[in-house]
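First, one chain by itself: the form predicted on its own, in structure tokens.
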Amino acid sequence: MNRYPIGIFDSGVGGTSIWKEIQKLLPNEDTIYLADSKNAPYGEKSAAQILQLSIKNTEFLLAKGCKIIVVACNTATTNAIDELRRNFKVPFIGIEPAIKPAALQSSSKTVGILATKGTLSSHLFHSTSENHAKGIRIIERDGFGLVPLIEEGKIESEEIRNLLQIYLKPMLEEGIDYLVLGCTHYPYLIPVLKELLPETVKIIDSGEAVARQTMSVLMANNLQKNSEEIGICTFYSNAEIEVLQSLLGGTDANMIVSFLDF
């Protein structure tokens, strides 16, 4: 199975922020990315709906021969990954907000977390906060409305800026010195966030850690691809592919982007 691809899915285009980190660390691996943009955002759906969509996405990627599945969506991870691991035999890599490193490095002992409602209300998120953020004040904000705007490619729009200002204001008033991005769509907002935040506030996301964990699991299961050829990266979206292509920075000979009626 080591020549089979890595499967990655998200509620839309945001998980490409995770794909970029994986591709940077493991450039020789083939990858298949599924953007379920038609059903975005997952954060506003019920736990049962999120699980149903996650199972459907997993079955699609397994049908494509994927040897490992990266759930590149915080909401899907926190609501569905335990059930996915129980029902499918391949390894799964999940995404959790980077609360632990933020809590360890915070000087003010106050950390902001910007995430979706589905992530913030999940049992996994609360257990992670309790285990890794003892003695730390966590200021949570639901980034309602951000994901649909990112899916439309309105990353530097006034609508995005206005929403971010509303969500950041109470965090800044509480004295945060770290902002944890709890949705894989949100790293695309980092340039705007840096304009709105003081230099004293550091932004942290999970992308690099997820890529390292993916490499570790591949090696532990003897699944890494033993080839020096650059991997083939295939992307499927069930919505218009223009935004997906723009976030990827265009395409090249090793990249295939296709619409999928899924």
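All residue numbers are counted from 1 along the displayed sequence. In this text, all values refer to a predicted model and were calculated from it rather than measured experimentally.
Beyond what is shown, the protein has a form predicted in complex with a further copy of the same chain; the following relates to that form.
Taken together, the three residues 20, 98 and 106 all stay farther than 4.5 Å from a further copy of the same chain in the predicted complex, as judged by their closest heavy atom. a further copy of the same chain in the predicted complex is not approached by residue 145, whose heavy atoms all lie more than 4.5 angstroms from it. Taking the partner from the other structure, a further copy of the same chain in the predicted complex has a heavy atom within 4.5 Å of a heavy atom of residue 212. At least one heavy atom of residue 92 is located within 4.5 Å of a further copy of the same chain in the predicted complex. In the predicted complex, at least one heavy atom of residue 220 sits within 4.5 Å of a further copy of the same chain. Residues with any non-hydrogen atom within 4.5 angstroms of a further copy of the same chain in the predicted complex fall in just one of 147 to 155, 160 to 168, 114 to 122, 83 to 91: 83 to 91.
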